[in-house]
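Single chain ahead, written as structure tokens, the form predicted alone.
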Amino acid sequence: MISQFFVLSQRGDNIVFRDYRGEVQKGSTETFFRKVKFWREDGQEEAQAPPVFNVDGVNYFHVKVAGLLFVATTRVNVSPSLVLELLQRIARVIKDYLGVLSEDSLRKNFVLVYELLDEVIDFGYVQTTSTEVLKSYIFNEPIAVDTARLPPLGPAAIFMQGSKRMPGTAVTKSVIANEPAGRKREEIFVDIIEKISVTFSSSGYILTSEIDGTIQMKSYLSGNPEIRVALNEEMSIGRGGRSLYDYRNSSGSGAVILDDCNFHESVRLDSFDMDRTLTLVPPDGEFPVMNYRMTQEFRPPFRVNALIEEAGNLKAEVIIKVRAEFSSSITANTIVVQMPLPKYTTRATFELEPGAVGQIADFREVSKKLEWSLKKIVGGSENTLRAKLTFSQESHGNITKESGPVSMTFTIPMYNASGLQVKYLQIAKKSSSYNPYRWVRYVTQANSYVARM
């Protein structure tokens, strides 16, 4: 049972607010934002607020999607996982109908957003979160926003490949809006999105590695035709005694061994065991066709080496090297490397490689962290950062133990580490002239990418 639902910007501006039951005070948005912004825990200087917390008898649940805070409040004891899943689904439904999920699109389409919220939740009780079912009850048309004004790290930029952009309509078009002149462009998007977690030892060996992947689909096909998605025939579920060190490259050669996977309710698995083909009639909106997990060791996209050593009284030097292990035809973007420094570090000066473009190094004095941002890294290249540190006191311990580990975030379009591939995408033909556009895209992102010192 939900008492209130609201959406806040990162600045704390209230964009959407709906009070379903009148049980929670009106100032809950301000209370929530102050608590999240100034969250303190165990004397830490800065900490991130948990997704669920209680203030004065009110339970606050929140998720962050596309830079916006989706929040629900209630005074009753409800399942946290249920409410958090509901918030994610509300964000997805709004994105399906608006095409773009941003502060600008919410403000321009507030009438449509409130119409959706009133159908999704009635007097605090969830009715439906199905994009397809809601179509029967929604009568407002979305107002398009200028996608050129989207922030560079927004969802529409996720498939940037150098100076070329993969078709971005899957993330910028509403499920109910028509093209100019009333035509509807027949197309379907299948995105293989992988989030990888890797931990390297101080000597560069892989200690842990895992991939959480999803095959995401968004269909703009009229008449809901049947679709067949063929995956690697060599794919198997479960380890099957295969070597943990059987590396595979991103071109998909070799077997793909998944630990486990699950499928959307619309997927039929009649021939999955025989030829690894998924058959489905896609519902409206964006949805995960298949989620999977892989813990077999794979070739990591980046090798990270970090070294810190004393360089005289109250001084030390840090060297960080990042090498891209993928093909030179692929470019990673939005790379950020962070490294905690000793607490008594007072100053840091940086030296980048000659000719380095789009790189920024900074010392975060409050959190005592070194931060190195790179706009892009081309496959096969190596980038180095040197930093000279100044301390307020002499180190009486092991300076290496007081530093690190090095963590890294990145996005690599048109690359996947598992080798899972869509071999073909077959659509049931209505006529000989029916030939919709098919887009299959890959992207790899860092979930937890850590190198120990």
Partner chain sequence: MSGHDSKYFSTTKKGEIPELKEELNSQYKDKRKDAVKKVIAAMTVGKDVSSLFTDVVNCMQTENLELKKLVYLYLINYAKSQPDLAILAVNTFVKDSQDPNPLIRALAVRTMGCIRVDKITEYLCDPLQRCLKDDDPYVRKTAAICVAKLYDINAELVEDRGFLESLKDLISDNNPMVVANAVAALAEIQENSSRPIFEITSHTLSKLLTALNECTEWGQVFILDALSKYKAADAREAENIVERVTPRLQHANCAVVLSAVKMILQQMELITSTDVVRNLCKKMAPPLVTLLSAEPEIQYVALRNINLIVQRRPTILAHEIKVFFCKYNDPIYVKMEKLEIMIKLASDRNIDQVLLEFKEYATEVDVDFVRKAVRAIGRCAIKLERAAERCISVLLELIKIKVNYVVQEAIIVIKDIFRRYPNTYESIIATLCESLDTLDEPEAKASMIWIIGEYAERIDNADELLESFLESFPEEPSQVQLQLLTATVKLFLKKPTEGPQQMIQVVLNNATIETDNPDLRDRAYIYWRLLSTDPEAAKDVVLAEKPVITDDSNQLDPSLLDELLANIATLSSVYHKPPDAFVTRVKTTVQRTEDDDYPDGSESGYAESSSHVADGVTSPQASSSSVPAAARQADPAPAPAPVPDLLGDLIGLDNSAIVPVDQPSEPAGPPLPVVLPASTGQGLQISAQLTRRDGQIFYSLLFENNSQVALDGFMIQFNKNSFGLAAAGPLQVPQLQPGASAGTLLPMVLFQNLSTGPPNSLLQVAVKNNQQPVWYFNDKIPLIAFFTEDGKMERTSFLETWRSLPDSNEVSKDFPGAVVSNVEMTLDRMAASNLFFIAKRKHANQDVFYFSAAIPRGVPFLIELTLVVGVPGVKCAIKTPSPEMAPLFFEALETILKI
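Positions refer to the first chain, counted from 1. Values in this document were obtained by computation on a predicted structure and should not be read as measured data. Under this definition, the rigid core comprises the largest set of C-alpha atoms superposing within 1.5 Å between the forms.
Beyond what is shown, the protein has a form predicted in complex with the partner chain; the following relates to that form.
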### Contact at H62, N77 and T129 by the partner chain in the predicted bound form, all three, heavy atom at most 4.5 Å
yes
### Query
Do L207 and the partner chain come within 4.5 Å of each other in the predicted bound form, heavy atoms counted?
yes
### Task
Please run the contact check for T331 against the partner chain in the predicted bound form: heavy atoms, 4.5 angstroms, yes or no?
no
### Task
Although the partner chain is absent from this view, report whether L86 comes within 4.5 Å of it in the predicted bound form, heavy atoms only.
yes
### Task
Consider S407 of the chain shown here, and say whether it contacts the partner chain in the predicted bound form, taking contact as heavy atoms within 4.5 Å.
yes
### Task
Check each of K218, R228, K376, K108 and return the one that places a heavy atom within 4.5 angstroms of the partner chain in the predicted bound form.
K108
### Query
Among the candidate residues R303, R185, R293, K315, which is the single one with a non-hydrogen atom no more than 4.5 Å from the partner chain in the predicted bound form?
R293
### Message
Heavy atoms within 4.5 Å of the partner chain in the predicted bound form: which stretch in 110-118, 353-361, 185-193, 377-385 meets that?
### Response
110-118
### Core-aligned C-alpha movement of E119 between the shown form and the other one reaching 2 Å
yes
### S329 C-alpha shift between the shown form and the other one of 2 Å or more, rigid core reference
no
### Query
After fitting the rigid core, is the C-alpha of Y137 off by 2 Å or more between the shown form and the other one?
yes
